[in-house]
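Presented as structure tokens, the chain that follows is alone, the form predicted alone.
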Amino acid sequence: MNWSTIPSLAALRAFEAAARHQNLSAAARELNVTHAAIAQHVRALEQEFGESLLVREGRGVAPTDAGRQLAAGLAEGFGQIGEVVAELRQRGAERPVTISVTPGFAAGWLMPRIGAFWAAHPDVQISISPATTVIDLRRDGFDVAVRYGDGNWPGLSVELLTRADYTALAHPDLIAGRRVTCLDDLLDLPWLLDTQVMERRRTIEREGVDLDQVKVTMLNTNELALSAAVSGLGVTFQPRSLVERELKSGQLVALCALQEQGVGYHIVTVPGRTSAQLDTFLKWLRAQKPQSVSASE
């Protein structure tokens, strides 16, 4: 379609409403504009076509033959547009909320909590996609992501969900009888790091540790590093919020905190993208924020 040959859509909407109501004031109320704006749009179309489209009749207006032809075509076209829009909105309201998270966040933080959401909102469908790659919410069609970082992602709505709070952890048997106050007390033990999250390596190095002097085993995923630590194979470094189950069960013990400022897991959405199901999920997700995060916002 060559849009350069089509008159202003605002003018066409104004004329269609005026012809349907046969009253400029009623058309103005429907479109939430002034009477003068409707009249101006109608005049612009009459100049465009070189003939009258509406004539005064009593206290209202009536379409001419050309006006009736245009009004009929617009009513049909706008009606079809309305049907397609309604269909897409309904489909959007019924489709699952699509969520992108890292595998570690999904396993350590989201899955232990999601059962409560399902119980409270059985009618809201969600689709969780764990991946180590950073997805494009607009291009890939995701509704919400939980991303690790400093929150600097231009063009997206970002809010902190939970801070990273990296902690050194190990199985109790691995550090039995050992007094640990800082990372220096762990240098003779094997360490377990995830090749996908190099931020942890930089965080450790900022503590003054030379990793070349430590026996480090690099594993392909954070889940492997965590599983190996639970099995007593070494010291792991995890965001505390992702290992609450292991700490509570005694599978791991917290040894010392790492100093990391300004990073954490953030709720990321596309501005303006909304649906009833998405709003319900986001409301629940925000309610899971630690009190320390909510109080500082």
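Numbering starts at 1 and runs along the sequence shown. Everything quoted here is computed from the prediction, not taken from an experiment. Here, rigid core means the biggest group of C-alpha atoms that superpose within 1.5 Å across both forms.
One more form of this protein should be noted, the form predicted together with the DNA, which is absent from this view; the next part is about it.
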message = Check A10 for me: does it contact the DNA in the predicted complex (non-hydrogen atoms, 4.5 angstroms)?
response = yes
message = Please tell me whether any heavy atom belonging to Q277 falls inside 4.5 Å of a heavy atom of the DNA, as the geometry stands in the predicted complex.
response = no
query = Taking heavy atoms only, is R29 within 4.5 angstroms of the DNA in the predicted complex?
reply = yes
query = How about A257: is it within 4.5 Å of the DNA in the predicted complex, going by heavy atoms?
reply = no
query = Heavy atoms within 4.5 Å of the DNA in the predicted complex: which stretch among 64-72, 245-253, 33-41, 225-233?
reply = 33-41
ask   = Using a 4.5 Å cut-off on heavy atoms, which residues of 51-76 contact the DNA in the predicted complex?
value = R56, G58, R59, G60, V61
query = L278: with the rigid core matched between this form and the one not shown, does its Cα shift 2 Å or more?
reply = no
